[in-house]
Ligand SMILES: Cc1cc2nc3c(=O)[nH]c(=O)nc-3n(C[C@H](O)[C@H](O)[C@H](O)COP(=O)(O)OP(=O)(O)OC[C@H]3O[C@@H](n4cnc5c(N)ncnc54)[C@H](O)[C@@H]3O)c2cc1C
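Presented as structure tokens, the chain that follows is alone, the form predicted alone.
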């Protein structure tokens, strides 16, 4: 009999694995993907909407496009995962849905509500695409003052994103000849801008930011906001006119309710090479997982790692079902490698290349920004949209 593979979440990992499975399994096997959103938009698109290259209304790709590929898409929210009976419950479905294999790719939930005062008129969530057009308009209308970019806590998705936004904002206010009247300040609760990276990328990033007169405030953990003032746990108080917040990230509550997140943990624990959970035939990929490299470093929450993990899990499911596949005829181990392109404004991007499973310890390199890397970032998005949707 055919198997039923259910993927929870239609982000990087979910879209990647659903397409691989559909291409490599015959139609006696069902591939079902469930998401509470009915569209897909890469997180990096927020930055392009901010700098004016893209518009919100034409950046959302309908997930119903998956149907034309033979992948069943269900637009709903998961309310329960029963690991014993191998069933899931959805908000708008009466019946439970049975699975043979389950892949959890629900990503991370985000909230700015944990900081008093964030809901003021001049506060914006960088990771909320719907608020970016208003943020862009606000920045372009600012005559003088301070723009504060604040990282509220770790971990968060796409570690370079706050700094990319700083470069883009710097370019925006330079273009309207107000750079000497507006400060761009970045506050983060760690000593280094990128705690998951090593000396080279941090030194280079700090140099690049300071070169653009972007002010860095390390060891500043936000405590509260009031009357256009930021108060930090170290006692510092800073003024701002526009606040760009990087929100707190946490696992979807359904995971803890279903026992997939252990009492002592915050995210789903998995085998670092196979992404298997402690439950039979259940895998977890992407932002819902925590893969520790050492006491201080875990695999970052970034789409490229979810994609690599998806390929590994797809190979395992294909081989467990017993299908001969030219590309996936053996088990692929997740190798801890990844990369991302970091926008630096003025039509350039740098390349961050990583190898977290390196036998001599994690290696991360930031390569010099160039027009070439910016074009590769654009192609990166186009290729995946074309392949997945």
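These numbers were taken from a predicted model, which means no experiment stands behind them. Numbering follows the first chain given and starts at 1.
Omitted from view is the form predicted together with the named molecule, to which the following refers.
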**Prompt:** Can any non-hydrogen atom of residue 127 be found within 4.5 angstroms of the named molecule in the model of the complex?
**Reply:** yes
**Request:** Answer yes if any heavy atom of residue 69 is within 4.5 Å of a heavy atom of the named molecule in the model of the complex; otherwise answer no.
**Result:** no
**Prompt:** Does any heavy atom of residue 290 come within 4.5 Å of a heavy atom of the named molecule in the model of the complex?
**Reply:** no
**Request:** Spell out, yes or no, whether the shortest heavy atom distance between residue 22 and the named molecule in the model of the complex is within 4.5 Å.
**Result:** no
**Request:** Identify whether the named molecule in the model of the complex is within 4.5 Å of every residue in the set 78, 106 and 254, based on non-hydrogen atoms.
**Result:** yes
**Request:** Choose one stretch from 353-361, 327-335, 23-31, 44-52: the one whose residues place a heavy atom within 4.5 angstroms of the named molecule in the model of the complex.
**Result:** 44-52
**Prompt:** So which of 150, 306, 299, 318 gets a non-hydrogen atom within 4.5 Å of the named molecule in the model of the complex?
**Reply:** 306
**Asked** Can you tell me which residues in 7-32 come within 4.5 angstroms of the named molecule in the model of the complex, by heavy atoms?
**Response** 9, 10, 11, 12, 13, 14
